[in-house]
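Next up: a single chain in structure tokens, the form predicted alone.
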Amino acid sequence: MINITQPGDFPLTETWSYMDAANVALMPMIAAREITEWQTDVALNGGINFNDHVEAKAFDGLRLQGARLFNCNQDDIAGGSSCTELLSSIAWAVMPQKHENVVSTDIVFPSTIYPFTRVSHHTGCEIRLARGHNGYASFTGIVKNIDKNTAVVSISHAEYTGGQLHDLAALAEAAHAHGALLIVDATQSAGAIPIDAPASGADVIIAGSYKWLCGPFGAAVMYLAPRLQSKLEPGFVGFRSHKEMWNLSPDRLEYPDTAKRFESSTMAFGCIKGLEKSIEYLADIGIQRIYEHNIALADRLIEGLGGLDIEVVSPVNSSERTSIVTCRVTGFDPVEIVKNLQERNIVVHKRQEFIRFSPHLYNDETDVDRAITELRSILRR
């Protein structure tokens, strides 16, 4: 397998086998430098260079790269401080009412449903969670919870525990058949799996920066379907929410007719610049190429784990799989295994009773083979 990154892009990989992108991914140095240079300039020069004109255009680069990431128009893209912040603003914008319900799963990462849970405390809407097992929830189980009173289906594109990949087009069809919106947390997929947002049928797709997008903490990117851009009133608003942000009159609030209306206020703009650069880095390599690279590593990993008689609970040999490979090592404490691997410069993660591997573009076969060899040694000991 050809290495698809350049030497020096991810320095840690020269000595460590880091397979933990589903927790915190490594950041390409070009993105790290972008953040540092921005912050240093503000520290040294204040608002001389980061003036009103530059601040007004702070998200323009992210919109350009976000459009590449989601295969959409720049007007469909907004930036924010986190996936949770943007999703919360969307949840209050939609605000399902007492007679309505929101559908998700009981294996979803909590931040994907908590914003709607908070809304339910205010409006009395019902939260419906399809049952899952071992980090897996069936399409049928989700869809049977959708009915004429469903306002929103809020789902993770890829589940964080086992890496199950949901069929967005099929979920969108099921949601739209009942007049519901499909709102997607793509934090565990964007950057590692190609996402054609318009073709998916999803109404909203939001991704945090610091996992598969290889960006910093403190930034996120959102796709908002064109038909909603002039209809939804953001739950969070600030001076940037007005269509002419430097027209600082408090007696009116007129939103832009684009996704930009969800960009509310001042934030750590250097993080946005870092996310912009990391998406550009990934897009230049090609998300499809990254996906194929990662799946090949996952294949090799699954084969190696099978040779150790370890149970893989992630979906395999199906369209639902990702490069997240989660396994159960019966009779062993996963905390101790993760700790022992890290002592050998191999980084994986514990989730619930499982061990989760999540290789990304900066990994290669050597990392996988090293992990299998050391895991074999740990189990024998």
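Note that the structure is a prediction, hence the values are computed from the model and not measured. Start at 1 with the first residue shown and count on from there.
As for the form predicted together with a small molecule, it is not shown, yet the points below apply to it.
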property: Contact flag, Gln164 vs the small molecule in the predicted complex, heavy atom cut 4.5 Å; result: no
property: Exercise: Phe109 in contact with the small molecule in the predicted complex, heavy atom 4.5 Å; result: yes
property: Touches the small molecule in the predicted complex: Cys83 (any heavy atom, 4.5 Å); result: yes
property: 4.5 Å heavy atom contact, Ser89 to the small molecule in the predicted complex; result: no
property: Contact residue in the predicted complex, from Lys277, His293, Arg261, Lys211 (heavy atom within 4.5 Å of the small molecule); result: Lys211
property: Segment assignment from 250-258, 156-164, 284-292, 123-131: heavy atom within 4.5 Å of the small molecule in the predicted complex; result: 156-164
